[in-house]
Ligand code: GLU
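Take a look at this single chain in structure tokens; it is the form predicted on its own.
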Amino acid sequence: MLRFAPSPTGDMHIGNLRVALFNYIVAQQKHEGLVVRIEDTDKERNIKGKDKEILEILEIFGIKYQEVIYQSKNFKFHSMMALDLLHNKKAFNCFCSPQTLELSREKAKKEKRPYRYDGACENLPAELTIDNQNPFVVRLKKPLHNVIINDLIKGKIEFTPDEIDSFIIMRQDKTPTYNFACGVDDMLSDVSLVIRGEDHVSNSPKQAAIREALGYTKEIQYAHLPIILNELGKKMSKRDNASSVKWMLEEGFLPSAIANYLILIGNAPPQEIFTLEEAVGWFDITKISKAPVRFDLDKLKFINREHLKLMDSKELSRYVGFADEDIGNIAKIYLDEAQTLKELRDKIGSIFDEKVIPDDFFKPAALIRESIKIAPHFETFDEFKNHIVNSTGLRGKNFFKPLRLLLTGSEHGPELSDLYPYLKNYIKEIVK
């Protein structure tokens, strides 16, 4: 079993979408299931409706899964397993106050050494632990040996007991910490491989230590994906518009193109343009680059244009707000200068919107408009053009500039002779 475990605390980040895509691909390759685990234990940061938005995005990208699990529903299992660890003396109650712990941190900082819990409560007499009325947390005892994580991308990573430390697994309010909930839930779902971002590397040995303390012997493999940097080479943040999947979709990038790009970066595919299902056939998680990858919006735009070109004309027409093959063919022509659906909608919209004619061309445009309104239907652009020339007497710049403005709403663009075969049935509506 594989899992994708997002938190409903904001818009889905492209790094999270990349994780979801890779989990889906590998689940397909291994013929294993994929579960979506909504990690909703941080009640203060959860945003209402973001869980549904996450699932909607997965559907838009064609990422199929077996079930959705809400982590908060597993609280009873987290509590039971924490009690089991306490009973077997694999964990202990810690009564150290926040002030005491802060003093220890400050001391470690002054001595220029990493802070580690000093074990003050680890061996308290049983009667003190039971009868103590002070608030407490539950800590997992520091492991007695190094913990090894086998990472399919980074290789073997070894952590010493001091690096793992006696960390908190249950807070004072009796809710599980992230690592405890995650470690237990992966065990409950029988997860075989965890694919996630490299910012979780330090969490993995803690989660492995939790499962070992609980007597779980199945090894879970890991694949920690390098982070995605922005175009300046820094870690992408919420301030980077392109970090949001929602923003990308609103800007008119196709889901197929976004998926193509996120699978492509840090990879060496057999071809540059592909679908998600095609990637299942050749993708190799072990061949992902170990180095961070830089987001390139221009490259994404190029890939998006290629995916738009591959679309059926009628389907493309629907994407730009129509349901007519002719409009789809017009959109295909505009792909020479547009790279997103948003840009295409603007181009097509200009054709049908009310035209703004500059003063220099107002009079000739009025003559051309009247000529078109009373003109018969012409199959070819030459017939159409010759009729207007003959009826208005206009030539050169005074003819072609206002004609282009009336037909397209722009002074520049594709050849009118290329557009006319698909515009001819709308001509009178366009110039009205």
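One-based numbering along the sequence shown. All values reported here derive from a predicted model rather than from experimental measurement.
There is also a form predicted in complex with glutamic acid; it is not shown, and the following applies to it.
Only one of R211, K355, H307, H200 lies close to glutamic acid in the predicted complex, with a heavy atom inside 4.5 Å, and it is H200.
Among K90, K301, R196, K206, the residue placing a heavy atom within 4.5 Å of glutamic acid in the predicted complex is R196. Although the partner is absent here, Y178 lies within 4.5 Å of glutamic acid in the predicted complex, judged by heavy atoms. Although the partner is absent here, N16 lies within 4.5 Å of glutamic acid in the predicted complex, judged by heavy atoms.
None of the heavy atoms of D51 is located within 4.5 Å of glutamic acid in the predicted complex.
The closest heavy atom approach of A331 to glutamic acid in the predicted complex falls outside 4.5 Å. You can rule out all but one of 279 to 287, 155 to 163, 178 to 186, 335 to 343: in the predicted complex, only 178 to 186 has residues with a heavy atom within 4.5 Å of glutamic acid. In the predicted complex, no residue of the candidate spot (R369, E370 and P402) has a heavy atom lying within 4.5 Å of glutamic acid.
In the predicted complex, glutamic acid lies within 4.5 angstroms of a heavy atom of only one residue of 24 to 56, namely E39.
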